[in-house]
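Next comes just one chain, in structure tokens: the form predicted on its own.
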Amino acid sequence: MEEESGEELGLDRSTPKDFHFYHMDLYDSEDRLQLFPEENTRRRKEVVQAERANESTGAGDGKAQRDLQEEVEELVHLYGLEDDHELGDEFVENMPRMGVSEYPPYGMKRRDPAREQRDWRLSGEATEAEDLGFGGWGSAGQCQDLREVYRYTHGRASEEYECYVIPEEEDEEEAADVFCVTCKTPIRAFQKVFDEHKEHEVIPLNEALESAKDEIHKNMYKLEKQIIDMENFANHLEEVFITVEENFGKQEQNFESHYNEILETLAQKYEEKIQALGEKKKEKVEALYEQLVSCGENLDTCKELMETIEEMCHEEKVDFIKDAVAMADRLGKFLKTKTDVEISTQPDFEDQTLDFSDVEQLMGSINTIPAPSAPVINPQTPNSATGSSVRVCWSLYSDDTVESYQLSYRPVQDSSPGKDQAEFTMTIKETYCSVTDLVPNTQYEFWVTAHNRAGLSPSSERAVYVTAPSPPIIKTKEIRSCEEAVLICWESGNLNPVDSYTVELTQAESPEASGVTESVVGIPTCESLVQLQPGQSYVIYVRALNTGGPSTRSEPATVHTIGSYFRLNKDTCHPWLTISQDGLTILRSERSTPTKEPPPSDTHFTRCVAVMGNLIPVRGHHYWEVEVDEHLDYTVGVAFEDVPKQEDLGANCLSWCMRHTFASSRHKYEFLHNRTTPDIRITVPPKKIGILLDYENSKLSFFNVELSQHLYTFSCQPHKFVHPCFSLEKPGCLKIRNGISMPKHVTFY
């Protein structure tokens, strides 16, 4: 790029190395303007040559000024600054009066007036510049100016101009590849050797990234835990807030009730006192009134007598004497009458003594909180317990004031309250409590009392709570499966009975399908037959449930729905046989063969040295294989569970078997059912026998696995499920292979 630019400008090889020309846009996009287009370069050369010619002919400054104006207009047009007239005017006004410019104006804004005093007129130096290889572009000093233009175009400040152009980044900064632990910042590897990070500890950037992620995850975990704690604390505060509101309401009601009672008592006493005082007043007033009336009557009598005596004094002597005798008698009688001149009652009232003892008692009771009544304990809610804890709740009457509660509990034995059991007591502020450290699937009786300053309340009624059960224990050795189902067995793991069980199945992840969890609920017994998809693997869990809630998951068990899988039933095994640890190998040794047969039994074989397998009770196709020795006497087949244990296999209608005996280098094969066998000869003794039980087509087939040869097929119609059976007439070993896919040649039968 640099060489091409040099050729376009006519520069020779003596041009300084930092004197480069680049096509770039200082003010707009590249598709609009390039700084040094080829045609502009050619035009400027023509302008310079014309100016030199004009100078030689003595052209005046006016033409140079016009040429300069044209160059400015051209520059304005090239940079798209037609609207910015002020810039063009300032550029022209601030330019000194000179001849023709030796240097074309490339991207300059307003210039410093002090810098504008330089003489840009053409001189003899132009010729010298041409000799030096700067043809057409002025003197060597002007070459320096061009270098300054180049530096301007790359963002470098100049002493001659006050413009700054954002450059194109020639080389992007190299990305950091290590991390400085001391400075906690990413750096480049060479900075560790030459920079201030020389003595610092550095680690790879990926390691620092992983460490930062781990630290963030730890902090996020702590933050989540803190959020949970704060939420719990907020819930607790909310409950306390509600309790405060309730207690305030109770106190307010209590005060109002007491004050109303006091006011009613005072009003009653007031009415009683006023009524008694009124009766006393009435009594006094009536007595005074009667005395006043009597006094008035006596006064009237006295006045009458006085008037009569005065009249007699004016009468004649004879008449006076006559009336005087009668008057004297009357007057004597009147005077003999005793007149009550004492006040019968005093006007003063006796001081009334008011008895406020009952009121004072009521006033004192305002500050005395009564003892609370007995709380009411709530019955246990479903799923409120775990294997080691229960949540107990209770309530109380709304007008009781309670400061705390005392929760007591003890275990229940034999479904009845145990009097001799140790009791435990807890003090709680709320009306609920989570009691921990309990025994799984155990009943506990709880009772609660309320407490305040007045004392304890009576005890509540006793309620029985139960903890969740312990997780069941899956019997992995008793799991049976086929292509369509699995039979799961487990132990309860609890002394007390549980309500039900739940089986959870998680399909193992595979490229074709992701894990899907399914549940079978409400299982009453410790066994469940679950339908599954063929050719899959499942992880099985079992939970126990009771009133308190579900237990935790049991230990997982893995099953595969690939072929039929079963184990030998040791309960049916003849005493002379030995079953391997995996339940798939039968061994009869010479040392373990006693001379005397065991006593008869209905559960295990006694005469026939045989054992049965636990095949899953699912109708469909079941296939398994038996590895045999060609010199071994054995019997393989199927039989009902209640086949007679004292008879040989195939000697009754409850079994279908293939029997092999070896004697004198001869192999004899029989396909027995009810002591009958077809006449079939097998030329190649099989070392691995395949057995196909087909419930759908009511068939039992035998195959030579190594030769893919069909040996024989029974047509049987079992009315119930049958089980594989195996017998060894002589010491030897049988190995069973199951849980395998059905071979293709078997599907044709």
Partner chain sequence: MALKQISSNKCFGGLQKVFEHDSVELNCKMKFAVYLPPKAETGKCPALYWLSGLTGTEQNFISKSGYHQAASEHGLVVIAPDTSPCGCNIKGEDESWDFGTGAGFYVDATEDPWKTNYRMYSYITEELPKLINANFPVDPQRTSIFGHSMGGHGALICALKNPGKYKSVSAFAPICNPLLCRWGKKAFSGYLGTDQSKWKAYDATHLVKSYPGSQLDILIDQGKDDQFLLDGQLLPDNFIAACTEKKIPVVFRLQDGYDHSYYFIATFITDHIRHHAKYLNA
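Residue numbers count along the first chain shown, from 1. If you're wondering where the values come from, they're calculated on a predicted model, not measured in any experiment.
What follows is about the form predicted in complex with its partner chain, which we do not show.
Contact annotation: L707 falls within 4.5 Å of its partner chain in the predicted complex, judged by heavy atom distances. Residue contact with its partner chain in the predicted complex: C716 places no heavy atom within 4.5 Å of it.
Taking non-hydrogen atoms only, D679 approaches its partner chain to within 4.5 angstroms in the predicted complex. Within this chain, L711 lines the site of its partner chain in the predicted complex, having a heavy atom no more than 4.5 Å away.
Put simply, of E210, E430, E630, E360 only one has a heavy atom within 4.5 Å of its partner chain in the predicted complex, and it is E630. Contact check at 4.5 Å (heavy atoms) against its partner chain in the predicted complex: none of S601, F721 and H723 pass. Contact residues in stretch 689 to 706 (any heavy atom within 4.5 Å of its partner chain, taken in the predicted complex) are limited to K699.
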